[in-house]
Structures are given as C-alpha cells and as structure tokens.
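We begin with a single chain expressed as structure tokens, specifically the form predicted alone.
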Amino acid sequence: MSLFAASAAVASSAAAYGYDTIRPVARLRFCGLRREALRLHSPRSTLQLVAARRSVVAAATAGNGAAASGGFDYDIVIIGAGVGGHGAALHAVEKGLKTAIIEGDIVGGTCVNRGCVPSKALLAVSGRMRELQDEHHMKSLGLQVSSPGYDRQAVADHANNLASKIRSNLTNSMKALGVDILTGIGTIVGKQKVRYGKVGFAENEITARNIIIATGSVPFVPKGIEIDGKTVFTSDHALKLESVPEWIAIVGSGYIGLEFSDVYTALGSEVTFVEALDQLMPGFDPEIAKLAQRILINPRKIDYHTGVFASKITPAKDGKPVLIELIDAKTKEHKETLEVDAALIATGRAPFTKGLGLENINVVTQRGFVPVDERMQVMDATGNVVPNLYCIGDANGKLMLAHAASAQGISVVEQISGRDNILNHLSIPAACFTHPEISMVGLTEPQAREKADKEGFEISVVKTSFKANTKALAENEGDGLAKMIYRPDTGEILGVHILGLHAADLIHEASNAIALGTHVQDIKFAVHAHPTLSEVLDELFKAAKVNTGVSHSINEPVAV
C-alpha cells in the first residue's frame, strides 16, 4: 500500500477489487525577513525580472527551432499531452531542448477533458446550489432566497466550455514556445526511436535523445460490471451530466466518489455508496474521515454499504432499474440486490500503457504500471535502468495526481539538463473539492505512527478548529479542522490534513514547508494577514511544541 493518503483514496477501491524526494537546490534559503528578498519588490527589480523572463522565453523558443544534439530529430519526445506531458514540454523548451509531444487523442489528457477541470465546474455549481438551498445559512447572513433551481444542460455546458478553454490554453502555450505537437498513437520501436501515426494513415518514425512516457490512466472497471454509458457509467461519462438520476449508487468512496456525491445531492439526487473496505473514505486520515462523514455524508440524502463488493451490475433496460448484486467482501456470500436509477463506478484508475511497444525494449509492466526508479527512469525486466527512457504520471503509479505528473516531468527535464533532481512525493498535496473541502499532504496519523515505531522516534499531533477563525465565522462556515503530525524532537512536519472552507488552497503552506525542509519552529514565526483563513494554519504551527534546544534563530535564514 502507498504511504500517501491521496494515492490510497484513488487506489483503495481498485485494490480491494483485485487491481490492485524534490532534492533542495543548493544555496536555496527560506526566510521572509531577508533584505535580498525585500529588494524584489522595487520597481527596478520587477522590470529586470520581467525582462529576464522574456529573454528566457525568447531563447527557449529559438532553441526549440534548432537542430537537436547528437544527430537526433529531437532532444526530448514526450508520448502523451496531458498535464504531465505539457509541464515537461514547457520546461524542456525553457532549457533550450528541441521538443516534440505526441498525442493520440486530444491535448489535456484526463485532467483537462475528463477529470479535474470539468469536475471543478460541476462542483462550483453544486457549491452555490448547496448554499442557496441552506435557508438557515442564508437567513443567518440576512439574505432571503426563494426557490433556487438549475438548468441541467447549462450546467453541463459550463463544464464542457471550461474544459475546451483550458485545452485551448494548453495547446496554444506549447505552440507559442515552438513545441512540435505530433498527432497519432506513439509506440517505442527501439532504443531512442518512436513511431507515431493515426489508424489508416502512414506512420512516421522519429529519433530522440530522451523519451518520456506520459500516457496517463483510464477509469478502472471491476469484472462483472457492465458499462452502458447511460445508466451505468464511469466519471468520464458522469462529467457530461446527461442526466440527474433520482437515485444513484456510487461504487467507491474515495475522492472521486465523494466529489460526485456532492454534485448529485446538491442537484437533488439520493446517493448510496458501495464501499469494499470496512469504512468510508479509507484513504483519508481516519480522524478527518470521521469528521467528513459527519459533515458530508450524514446530513445529506446519502446512505452506504461498507465491506461489500458490487459483484455484478446490470444496466437499466426494458423498463427495469439498474441491478447491483452485493456480496460480502470477506466471505463472498450474497448479501442483497440494490435497484437504483443509475450507478457511477468510482473504483479508482488503471494505467493506460498498452500499445507503447515496451516489449521492444524488454520492459514488463507491473499490473499495467511502468516500473521506474526514484528518478522516473524506466526499469527493464532484469531490474536495470533503460537509458534515456522515463515515465511520469499515472502510468508509473507513484502518485496518481495531475500535478504530481507535472512535477515528475519537470524533475525529469532537470535531470536531462544535467541537474540531478529527486522529487519528494511526500511534499505533494492532494485535495477533495467537496463542500467543505478536504486537503492533505504527507503521512496520515496511522502511517506516521507506523514510521515512528519502525525508526524509533516520537510523534506529536496538534489540531485547530475553524470555529476559532474570524474569517470562517464571518462566512458562517465554522465546521472544520486542521491537523498536523510532526516530530517534537526535530520539528519535522510529517503530515497536515485539513477539512474546512478553502482547505484546498490552505494546504500549500504546509506542502511547501515539507518540500523546502522547513521545520515547525521556523514557520511558526511567519506572519499571516488578519482576518484570513490562513490563520488556521498559523494557529496550527504555533500550537506545536518542539523540544528545547532545536529551534533556529528567526534572524538567520534556514538552509534547505
């Protein structure tokens, strides 16, 4: 099992159904009080920075038009133009590397077209609907709203239009920098050789000094489940919002299932969760999951079955409802059959790595994932590194998040450019955009305790409530908790978990602290504007007690 809460949230249901560090840059310092940092605010410095940035972009664009080194067609060829491939491509051009990206579908991948982007549009609607429907909340603010409603097609159009806009932005950003966008299915045919092309058309073969696999993932559908795209569907179909069922079952209670429960209940549906493990939200910190159930599940039109598999799901047809046969997850005995209007399958995601030609270079996938080392270098069947071949994002399974893919891609380009770079996956945050939101970075409390027991150190836990935050109270949004797990002997931050208003935005102060190696005794002296939600984290850091003798002086920057 992964140590990361976000990965567990994605993979828990898939695993149950049988599918089963950034190295700090030298001389980088962290301190907001340094005169050098303050100089950045002068008009002259700002103009210098803008000019420098423009010169870098101009040089990068010119570099991508030049011939690749070593007689290759390209310095880097990226297979897959999702968020990970896009991030790698832009960074490669900035480094002066001649770059091409191959895409067999549409630019943007899962995140932009069938994932995080359109889902945020639907969640924006559900958040406003939920607020308008809460008569008590509106009255407490002195507002009167009568009969809020929605136009389903207009909501669906909002999600689709957002995806189209972001997809266009990604495409234009690559074209503007001179990245060659090659259309077709990419296949590795040999060392540093890639063939691409559309079905029914002539194929092209190109050479590259380095190849990056960034092909992403697809929804995982367990055996026995029949998908018709109308009454039994995955998140790919759900984001089109072609209907709002009166009663929908959601198979899997990870962050995908949770977000869709937020959307459907706000739009009037009743929801039933089907979870294979013994508790809902198994990938989250247990204390946060318990609070989330009290806030996000219990008050809403949601019921649930835990410890059961959906062994067979039959789509609605001939006037009959969707049938879901449930069996005990341990004994495999039949428990009951649900009859619902629709079923959303949210049991995790599977890597999209078929057809890559990995057999041509002696690479064997592991449950579909491409094996890589800590530097995202692909490993062959004998456990050796395949030179000049990398894999990033969902296809390697390290952390199935779009921004993790982008960070891995940037890390790989740094290595190709001659700067060794190892990404610290424990510093990568994750978020669930329910209302209120959930966010996390690092270890859960049970994971931290397990690590402490193995390595022989103590941990401490501190918590703060949104009920003590002025800004949250002004919004009448006092439900929420922030929690930090840390080492009292060193002040190292092991994990931070937040449930509350704008939790997805608040988590980054903690994730950046972990990435930069900043300890509690240092960050507690940072100043936060009042009154803001950021003070939830401020109070959390200040509540931590670090053993005497390990604190740094606030007048000296902390080398990380």
Partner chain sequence: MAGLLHLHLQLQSTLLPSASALRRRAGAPAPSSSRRRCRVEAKIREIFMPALSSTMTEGKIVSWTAAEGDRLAKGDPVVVVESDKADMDVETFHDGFLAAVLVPAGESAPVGSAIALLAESEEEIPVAQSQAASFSSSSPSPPPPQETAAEEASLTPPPPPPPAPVAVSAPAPPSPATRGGGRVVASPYAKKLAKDLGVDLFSVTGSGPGGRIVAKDVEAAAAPKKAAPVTAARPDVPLGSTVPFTTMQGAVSKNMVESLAVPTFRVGYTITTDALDQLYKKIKSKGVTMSALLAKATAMALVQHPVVNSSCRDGKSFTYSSSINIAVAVAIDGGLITPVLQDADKLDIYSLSRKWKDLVDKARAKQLQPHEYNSGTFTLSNLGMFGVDRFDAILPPGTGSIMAVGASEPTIVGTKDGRIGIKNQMQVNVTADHRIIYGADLAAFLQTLAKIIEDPKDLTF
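Everything numeric in this text was worked out from a predicted model, so none of it was measured. Numbering follows the first chain given and starts at 1.
There is another form of the same protein, the form predicted in complex with the partner chain; it is not shown, and what comes next is about it.
With the partner left out here, the partner chain still marks one of 376 to 384, 293 to 301, 226 to 234, 115 to 123 in the predicted complex; by a 4.5 Å heavy atom cut-off that stretch is 293 to 301.
By the criterion of a heavy atom within 4.5 Å, Thr272 is counted among the residues contacting the partner chain in the predicted complex. Taking the partner from the other structure, the partner chain in the predicted complex has no heavy atom within 4.5 Å of any heavy atom of Glu475.
Within this chain, Gly348 lines the site of the partner chain in the predicted complex, having a heavy atom no more than 4.5 Å away. Of the heavy atoms in Arg152, none are within 4.5 Å of the partner chain in the predicted complex. The listed set Thr464, Gln447, Gln192, Thr110 contains one residue whose heavy atoms approach the partner chain in the predicted complex to within 4.5 Å, identified as Gln447.
Proximity to the partner chain in the predicted complex, defined as a heavy atom within 4.5 Å, holds among Val263, Ala343, Met400, Val370 only for Met400.
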